[in-house]
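What follows is a single chain, given as structure tokens, in the form predicted alone.
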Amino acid sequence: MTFIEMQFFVFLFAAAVIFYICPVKHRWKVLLGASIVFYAIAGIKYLPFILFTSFTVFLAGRKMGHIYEEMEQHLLEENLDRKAKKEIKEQAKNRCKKAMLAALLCNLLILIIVKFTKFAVNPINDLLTALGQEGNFSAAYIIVPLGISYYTFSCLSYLLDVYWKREEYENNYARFLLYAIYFPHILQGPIERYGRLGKRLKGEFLFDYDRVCAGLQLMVWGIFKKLVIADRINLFTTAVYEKGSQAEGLIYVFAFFLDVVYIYADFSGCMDIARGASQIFGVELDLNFNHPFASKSVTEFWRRWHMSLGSWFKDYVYYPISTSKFVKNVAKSCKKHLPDAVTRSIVTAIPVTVTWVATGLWHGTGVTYLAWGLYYAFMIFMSVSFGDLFHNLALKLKINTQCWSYKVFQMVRTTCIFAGGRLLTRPGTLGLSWHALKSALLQFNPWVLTDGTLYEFGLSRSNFNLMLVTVVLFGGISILQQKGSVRDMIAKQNLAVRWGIYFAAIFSILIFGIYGSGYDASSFVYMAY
């Protein structure tokens, strides 16, 4: 069950009715029950995985919490000198570290096995054949639990926060399970922190008509982005890459940049539906996108795109590596033999490379995603290491970096860098990516804009033109959103205008949404991660 299926809307309506009928103090239990049912509907065989992860992390967190409480009690004892207190703290830290590592490694191993076992299909079949058995093992036998990347990262963030004493441990497993399995964010995130979502799920859930309406409006906008904009673009870009021998030059250029709109509309559309559904119950989910294509640099882009994932890797991978003993030892060794500038570059490159390779492999398993990770590691490294140098060079060349045209140039540059990253993974193989890039750069065929060639790739003339209209509409609304809430702007209009806009959006989804046999309009691209 995903956010676009009619089954989900029936489920959401039933859950909301039961939620508000129940007494306030029991409403969190309704959310827990609804979330378990939602997950079980997706596949009862997936349920043991999330129960195992949540329970082991919960137990480890409680164990560490008790150890820290015992430590605090010992530190209050009289006649303890500084050395004794230090020893007590170190002993407590070591005991907590064992509990933390046990839960961390166990659940990371499950995630790695699930994501990478498909690469062992051929070796497993070869082994079975060598043993005289039928080598018929396939990737279809591998169980991939719903949202495993998202709930694993959410649980591990809690585990590490308790270990680092950033958060108090949770003593109620049911409360913690609700945080892990809460259904609006289980499909595609955002990757929530317990210190935020956990506390919100303990709030007093009172009915608020305006908030419920705002949630429904956000859901409609998300559905519009998914069905009307993203899925229509996907028909075109998929056809371009599947008919590679027929596509050339500007057709690939169209596909490159339309694919950027596709991934943004699809993923942000899912986030809007998730946040809107959660608002109905009075629970705010973290914002996962903040107008990323208004970014002036690639580092700023990743602070605005998939914000929960970026902050997760920054807090739990980048910072720990950059402050680790290994990196400090590398820095000391380099200072003895290399110039300071080279040393700084090496010290910067290590955590950046590890972080972005890990980010790439989180997004997908294979050479294309490894290349994607290395690509962004290089781009981030260049931005961090030489950003000031490039800026100073622009000033020396008398380039006005404050004028609107230069800012537009920066935004276009950032968008092109993102499109380059998508090009590494979207075609399917690096060979196809290279073919598409080479054709786009070397073949100039402007006649495809007028001779009807563009209408041979998945969309008729009318559908292609509608796609362009919706892309422009999407861009216009995104610009308005940077000036304030569009929902608030609509709310200030007269009743007839407000409802005219609402009905126009709903009927646009019903009339122009992409449906039909053989096309899975219910799946979101980031569900695969």
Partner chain sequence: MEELLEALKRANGKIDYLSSNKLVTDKIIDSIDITSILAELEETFDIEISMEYIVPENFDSVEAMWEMVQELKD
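Residue numbers count along the first chain shown, from 1. Model, not experiment: these values are computed from the prediction.
The same protein has a further form, the form predicted in complex with the partner chain, not shown here; the description that follows concerns it.
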May I ask you to check whether residue 428 falls inside a 4.5 Å heavy atom distance of the partner chain in the model of the complex?
-> no
Can any non-hydrogen atom of residue 352 be found within 4.5 angstroms of the partner chain in the model of the complex?
-> yes
Heavy atom of residue 396 within 4.5 Å of the partner chain in the model of the complex = no
Classify residue 90 as contacting or not contacting the partner chain in the model of the complex by the rule of any non-hydrogen atom within 4.5 angstroms, answering yes or no.
-> no
With the partner chain left out of view, which of 328, 83, 438, 336 would have a heavy atom within 4.5 Å of it in the model of the complex?
-> 328
Interface check vs the partner chain in the model of the complex: of 117, 453, 345, 322, the one with a heavy atom inside 4.5 Å is 322
Triple contact flag 27, 168 and 175 to the partner chain in the model of the complex, non-hydrogen atom at 4.5 angstroms | no
Since the chain is shown here on its own, which stretch among 229 to 237, 400 to 408, 144 to 152, 308 to 316 would lie within 4.5 Å of the partner chain in the model of the complex, judged by heavy atoms?
-> 308 to 316
Within 356 to 391, the residues that have a heavy atom no more than 4.5 Å from the partner chain in the model of the complex | 384, 388
